[in-house]
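Only one chain is shown below, in structure tokens, and it's the form predicted alone.
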């Protein structure tokens, strides 16, 4: 899967080209705020699950800010996995500044997580933009199923698949005067190819190639169920969590939280 290797290079390239100071104040927010880096609905779900005393993991953890936020709910141990070694190193640095010793960060392809972590976690979560980096969701959630303990829970908080139909600011099809028009097929098969950097981390520049994929809600659900994981709840929201707020309040589904549990 060369696209995964290329994405690793692109993410590490983005880290090297990050805006000055990006990520360096995350430890201060984590020191002074309660559950930063999560939206209110995600906070409600995390509190409802109850993480105290549990082993938790974040797949595609970036620089660890969300996993370290979740550690405030007093799990016994946490592990963050991400393919980009530079981001993982920053995560370790943030954890060290916080004195957070009951978590670790592992640089690896999520699909290749070591068998050491199989049947290890009571809770695994993905946040915005994570699953889009995987072409084959069956393989992804097969790995999730292997890493969860029986009755372990999975949460995905992500952009709604519907938003892939909408043109974003900066794209040729974007028209701020006609925000009700869709531009792309919900069932798009072609990957998204980007070489303009990663906007929330870097200024625009000619970057190494990022390759990502659209997934329908049914493809997400079916891959999870196929991995022996039961869907417990699906909530959809009309607010965006990472792309643009231009479409908020217009009746579009823009984000979702999916709560699941591994079968016995």
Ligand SMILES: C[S@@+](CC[C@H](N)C(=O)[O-])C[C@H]1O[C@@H](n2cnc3c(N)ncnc32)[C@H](O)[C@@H]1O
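Here the structure is a predicted model, which means the values were calculated and not measured. Residue numbers count along the first chain shown, from 1.
From this point on, the text means the form predicted in complex with the named molecule, which you will not see here.
Among residues of the shown chain, residue 182 is not one whose heavy atoms approach the named molecule to within 4.5 Å in the predicted complex. Under a 4.5 angstroms non-hydrogen atom cutoff, the named molecule in the predicted complex lacks residue 56 among its neighbouring residues. Though the partner is left out of this view, residue 133 does reach within 4.5 Å of the named molecule in the predicted complex, counting heavy atoms only.
In the predicted complex, residue 145 stays away from the named molecule, with no heavy atom inside 4.5 Å.
Though the named molecule is absent from this view, in the predicted complex it lies within 4.5 Å of a heavy atom of just one residue from 84, 103, 154, 166, which is 84. Although the named molecule is omitted here, in the predicted complex all of 108, 129 and 200 have a heavy atom within 4.5 Å of it. Contact annotation: the named molecule lies within 4.5 Å of heavy atoms from the stretch 58 to 66 in the predicted complex, the single such stretch among 58 to 66, 45 to 53, 229 to 237, 214 to 222.
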